[in-house]
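Before any questions on binding or motion, here is one chain by itself as structure tokens, the form predicted alone.
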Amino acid sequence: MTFCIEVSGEFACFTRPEMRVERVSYDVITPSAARNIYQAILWKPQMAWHIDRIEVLNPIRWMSIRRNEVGSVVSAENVRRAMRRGQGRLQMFVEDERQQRSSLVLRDVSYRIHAHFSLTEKAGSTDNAEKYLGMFLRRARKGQVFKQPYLGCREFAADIELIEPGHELSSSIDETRDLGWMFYDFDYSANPPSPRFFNARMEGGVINIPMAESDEVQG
């Protein structure tokens, strides 16, 4: 069964990985970011979300902002060392690590995202698709989420609405163009996980997303 949600927000930034100094967003939401929004509503190890199609509902508009960010993270090796010893200093002083960076972000975004899920190898004898289908619909109808869904960056909160059969739909934008190579998702079967990309094309405001196993998705 395919599900559909509408996602909107005032700002969004789906950062291009090749832009390492200043953040620059892709033109539209990436499949990975869309999957995370579905997972915010319902996720279990026994299920995996697959994004099928993204409809762009608002014109693609940009704006430049400057934000304060923390320039480093706590070292994983320091954490492991502290865990082994049972002591250690893991604190970070934000004032010492703060840096101001420019970002080219999207504004007034709205997407209609179609997706389905499949059961994983972790599904047991009591797990079946109908069980998780009912759980997802109950949670989505009540607006329940495990975590606040966001649009690329955690400070850009997303509003979500479940679209059910018979719901009156707005049109996607009338725009067709190539979007270039876009981040698809990480391949978590590798260690460490490796990024994968696909050549995205928008036809009449609609982007069809290939399956992860497709030849269109490359590492």
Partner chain sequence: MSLSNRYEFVFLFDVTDGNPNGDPDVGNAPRIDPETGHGLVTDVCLKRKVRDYVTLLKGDEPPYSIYVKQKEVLNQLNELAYKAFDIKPEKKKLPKNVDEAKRLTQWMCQNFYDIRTFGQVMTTEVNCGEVYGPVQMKFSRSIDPITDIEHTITRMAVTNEKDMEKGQTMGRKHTIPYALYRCHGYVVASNAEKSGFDESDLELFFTALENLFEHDRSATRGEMSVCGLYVFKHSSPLGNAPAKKLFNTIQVKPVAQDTFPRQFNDYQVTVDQSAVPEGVELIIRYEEA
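Numbering follows the first chain given and starts at 1. All values reported here derive from a predicted model rather than from experimental measurement.
There is another form of the same protein, the form predicted together with its partner chain; it is not shown, and what comes next is about it.
K.L.:
Among the candidate residues 92, 137, 104, 123, which is the single one with a non-hydrogen atom no more than 4.5 Å from its partner chain in the predicted bound form?
P.N.:
Selected residue: 92.
K.L.:
Which pick from 52, 159, 175, 27 sits with a heavy atom within 4.5 Å of its partner chain in the predicted bound form?
P.N.:
Partner contact (heavy atom, 4.5 Å) among the options: 159.
K.L.:
Exactly one stretch in 27-35, 164-172, 147-155, 182-190 has heavy atoms within 4.5 Å of its partner chain in the predicted bound form; which is it?
P.N.:
Comparing against its partner chain in the predicted bound form, the contact stretch is 147-155.
K.L.:
Considering only heavy atoms, tell me if residue 64 and its partner chain come within 4.5 Å of each other in the predicted bound form.
P.N.:
Yes - in the predicted bound form, heavy atoms of residue 64 and its partner chain come within 4.5 Å of each other.
K.L.:
Taking 4.5 angstroms as the cut-off for heavy atoms, does residue 143 touch its partner chain in the predicted bound form?
P.N.:
Yes, residue 143 is a contact residue.
K.L.:
Just to confirm, residue 119 within 4.5 Å of its partner chain in the predicted bound form by heavy atoms?
P.N.:
Outside the cut-off, so no.
K.L.:
Given that the partner is absent here, does residue 130 sit within 4.5 Å of its partner chain in the predicted bound form, heavy atoms only?
P.N.:
So residue 130 does not count as contacting its partner chain.
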